[in-house]
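Next up: just one chain, as structure tokens, the form predicted alone.
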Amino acid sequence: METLKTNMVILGGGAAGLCAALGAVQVSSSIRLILVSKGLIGKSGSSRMVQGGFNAALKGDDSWKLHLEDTLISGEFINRQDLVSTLAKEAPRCIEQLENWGCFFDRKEGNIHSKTFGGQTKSRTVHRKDFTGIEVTSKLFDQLLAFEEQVLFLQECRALQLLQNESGAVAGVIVFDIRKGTLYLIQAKVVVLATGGAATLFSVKAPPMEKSGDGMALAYRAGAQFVDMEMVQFHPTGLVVPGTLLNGSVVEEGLRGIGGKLLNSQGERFMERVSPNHKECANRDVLTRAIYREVKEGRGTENGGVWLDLRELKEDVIKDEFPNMWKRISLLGKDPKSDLLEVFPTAHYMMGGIRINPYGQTSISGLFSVGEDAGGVHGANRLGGNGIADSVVFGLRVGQNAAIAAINESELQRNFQLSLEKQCNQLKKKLQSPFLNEKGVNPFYLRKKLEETMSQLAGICRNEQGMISALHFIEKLKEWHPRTYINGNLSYNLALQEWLNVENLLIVASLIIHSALLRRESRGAHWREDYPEKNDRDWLSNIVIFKERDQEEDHQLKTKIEPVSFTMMSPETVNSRKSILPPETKLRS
């Protein structure tokens, strides 16, 4: 085991983690940090998969206030408003910063071009064709390489446990080297969690499999508070390609923005009936519910989807603006000019997460969070284009604030809750345990059963009986997990990685269901058939969930239901300004 000491550790090598690192090194040349990435930086994770773009109010007829308003309306007003206003205000400056760092966004007639995405009153999604994530993450990594004296990269490494001192403050982390099968013990003044969410909990999903709620699980074990964990977004148009890795991959929202239509098996453009004003440009939650209903009511395709019709779109526009989508569709043997695409909602993004303030500070001293690990920005429904904007805006901001906190902390914490030697020995013993079982459960089987349970009982459409059943089954999976049997050794063992993934996913699944059981209404991505209506009277509130630091059992979870603080805008103030809103973006009562 190697011991390292540094000012700060950032867990996660996506856009949020890279921006946090860049924000930190800008604070002072004296800052030293370690960036830990589960995969290869720039070649793994979700940020590089961003197709659509980055929301920023750049045009003259747009403003940060309209961006704020669209985000709050889409989030059904349970967003934390100080976080949303920060996002909307700082997004244009971040686009300028990204261009200065070498990102090239598409332009028309000299101006940055933007796409129209669902739920937005203005066209504000800036993009680099349909590979915006690759453009952003590659240029961020290039910039960070210039700070090699300040930044140590630990790639293909994953965090296993946060170190906490006697008062509970975070003071480092124990990291597992996936390649070598060895541990790093890293003492640090602050730790930033930027590992991404856990939408891979479901059978049909868009994120890469390595995304397994690692940061959320670390924070949970340390005693951090979580907000609105029931809010899991399903992207309405995931490809239906059964039996292939493309199943569930996202069909770019911009294709609907330029005229792509959704048809049921009877050839009906059903969004004309569901959302006559916005049709396929309605919010993601509206589209997801509509597609789900079409299929459940018997108007779906043979494989349980609906059709996406791109036949009226110009071929040169698709090829020029969506080259990756054109290639992907071609790989399926389809021609967008003559064939229909089969789609169904796919698990995509977690709006709930670790509770933070506008500086990224969690409820635990020394622990910061950013990106999909953190909750509060997107409320009940994230607008397309706000995800990568969130990662960049708050990544830079949180990195700077964490670095300042590290500078102000004069010395590394040394009085740990448990001896470091004891904690490392416990982890070594745990990592060896599945190899000592002579027989047992396969971790990949556990993952499959977890995905099936979440999809069937706690997915797009939920009810109390189903979620209680899901919770009971998850408890069984937790009992089976220690009885897992793995062959081989610690080095580059995919079964061991899956075993660790499942352990974290089980924690996140429990938090989602406990929160979903509490919210007895339907709002945004949270759709309960036993409480089908939105209930502003009782549920314009945030659900906060956590465990005490030393507690282990889920049934001892603490919960708080807190009314939303309308610091910027309330549903009443938006509805009173009807003139600036298209009819259907009025709040549903």
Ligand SMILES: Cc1cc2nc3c(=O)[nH]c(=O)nc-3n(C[C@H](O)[C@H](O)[C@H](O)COP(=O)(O)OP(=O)(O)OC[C@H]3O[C@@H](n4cnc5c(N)ncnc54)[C@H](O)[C@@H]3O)c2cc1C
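One rule holds for the numbers: they count along the sequence shown, beginning at 1. Everything numeric in this text was worked out from a predicted model, so none of it was measured.
The same protein has a further form, the form predicted together with the named molecule, not shown here; the description that follows concerns it.
Visitor: Out of 333-341, 515-523, 309-317, 157-165, where are the residues with a heavy atom within 4.5 Å of the named molecule in the predicted complex?
Guide: Heavy atoms within 4.5 Å of the named molecule in the predicted complex occur in 157-165.
Visitor: So which of Gly75, Pro345, Gly366, Gly385 reaches within 4.5 angstroms of the named molecule in the predicted complex, heavy atom to heavy atom?
Guide: Checking each option against the named molecule in the predicted complex, the one that comes within 4.5 Å is Gly385.
Visitor: Are all three of Gly13, Met49 and Thr195 close to the named molecule in the predicted complex, meaning a heavy atom of each within 4.5 Å?
Guide: Every residue of the candidate spot has a heavy atom within 4.5 Å of the named molecule in the predicted complex.
Visitor: Any of the heavy atoms of Asn542 lying within 4.5 Å of the named molecule in the predicted complex?
Guide: Heavy-atom contact with the named molecule at 4.5 Å: absent for Asn542.
Visitor: Do Gly371 and the named molecule come within 4.5 Å of each other in the predicted complex, heavy atoms counted?
Guide: Because a heavy atom of Gly371 falls inside 4.5 Å of the named molecule in the predicted complex, the answer is yes.
Visitor: May I ask you to check whether Lys38 falls inside a 4.5 Å heavy atom distance of the named molecule in the predicted complex?
Guide: It does: once the named molecule is placed as it appears in the predicted complex, Lys38 has a heavy atom within 4.5 Å of it.
Visitor: Taking heavy atoms and a 4.5 Å cut-off, does Tyr292 contact the named molecule in the predicted complex?
Guide: Taking the distances in the predicted complex, the answer for Tyr292 is no, it never comes within 4.5 Å of the named molecule.
Visitor: Which residues within 213-251 place at least one heavy atom within 4.5 Å of the named molecule in the predicted complex?
Guide: Heavy-atom contacts within 4.5 Å come from Asp214, Val250.
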